[in-house]
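First comes one chain, alone, set out as structure tokens in the form predicted alone.
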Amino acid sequence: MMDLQQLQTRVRALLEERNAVLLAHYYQTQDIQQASDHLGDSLELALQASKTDADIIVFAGVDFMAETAKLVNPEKMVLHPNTRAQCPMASMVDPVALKRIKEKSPDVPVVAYVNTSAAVKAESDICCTSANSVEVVKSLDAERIIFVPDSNLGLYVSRMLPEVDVIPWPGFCHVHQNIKVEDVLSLQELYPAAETLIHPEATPMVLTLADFVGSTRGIAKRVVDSSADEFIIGTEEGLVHHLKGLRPDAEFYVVPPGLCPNMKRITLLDIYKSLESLETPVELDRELIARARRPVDLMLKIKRRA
């Protein structure tokens, strides 16, 4: 049985041997973050996947993230180390239902959050992440849009762009949906000097309590730029590993529940076994890739906001 350091060393050796790159989301466990080549949010990792020279991409994240890596680099082998790591929000919208909505509103563009399946992306006009959602919608210069599947992020975009009629899909991220006003207020009372930083997937009422609203990378940048030394963090607790590295002098308090069990399904041992056996590769139909890649490519051209 290998200890953690030995396992990390073996993973790094296999990555070099396979000419592979390990991309890890901020919500992964600390040992995976430490072993990764690139750590980031959905937008950063999609950009890294689109330009890597590696032969193999190993994606430590939920299913839609690995699919997106395959879309932007279809000739590469993309490995998803644990296929049970799936995003519940991504499954809250399906292409059949989306097609029906499009038939009723044929002239209304569809903006798909990157947290969607490739099949849903293929039915969309453009994708976005929490980091560039406002900029993506602005780029369309449309009076009305359909936003799938995160209703909270859609409502956030609507507040930032009141001139646009945003039709939100009734989906949500359970981690951010479950952040409660009373829990934020309780932490604010305990730590009155702390800045409150919250992800835009949280509910509108929770966002009103934030000093800053932004994506995971946006939150990280705020921590670096801020003069505060205490922070209340309204997103998945995995981000705090990265934040502590950026600001070892600071204290961080995660608003409960703050845990995504789906992200945490992937273990460092899964990654080792995946590299060893080259399992499990992401397989997508070429026609689907062609259709789903276009909205992702359009997204990657839009600069991030936060």
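Residue numbers run from 1 along the displayed sequence. Given the structure is predicted, the values throughout are model-derived calculations rather than measurements.
If you look for the form predicted together with ligand 13P, you will not find it shown, but the lines that follow are about it.
Chemist: Could you tell me which of 37-45, 52-60, 269-277, 243-251 sits within 4.5 Å of ligand 13P in the predicted bound form, going by non-hydrogen atoms?
Modeler: In the other structure, the partner sits against 37-45.
Chemist: Can any non-hydrogen atom of H80 be found within 4.5 angstroms of ligand 13P in the predicted bound form?
Modeler: H80: no, not in contact with ligand 13P in the predicted bound form.
Chemist: Counting only non-hydrogen atoms and a 4.5 angstroms cut-off, does K121 reach ligand 13P in the predicted bound form?
Modeler: No, K121 sits far enough from ligand 13P in the predicted bound form that none of its heavy atoms falls within 4.5 Å.
Chemist: Heavy atom to heavy atom, is M65 within 4.5 Å of ligand 13P in the predicted bound form?
Modeler: Yes, contact at 4.5 Å.
Chemist: How about S130 - does it come within 4.5 Å of ligand 13P in the predicted bound form, if we only consider non-hydrogen atoms?
Modeler: Yes, S130 sits close enough to ligand 13P in the predicted bound form that at least one of its heavy atoms falls within 4.5 Å.
Chemist: Going through 184-218 from first to last, which residues have a non-hydrogen atom within 4.5 Å of ligand 13P in the predicted bound form?
Modeler: Going through 184-218 in order - heavy atoms within 4.5 Å of ligand 13P in the predicted bound form - the hits are H199, E201, S215, T216.
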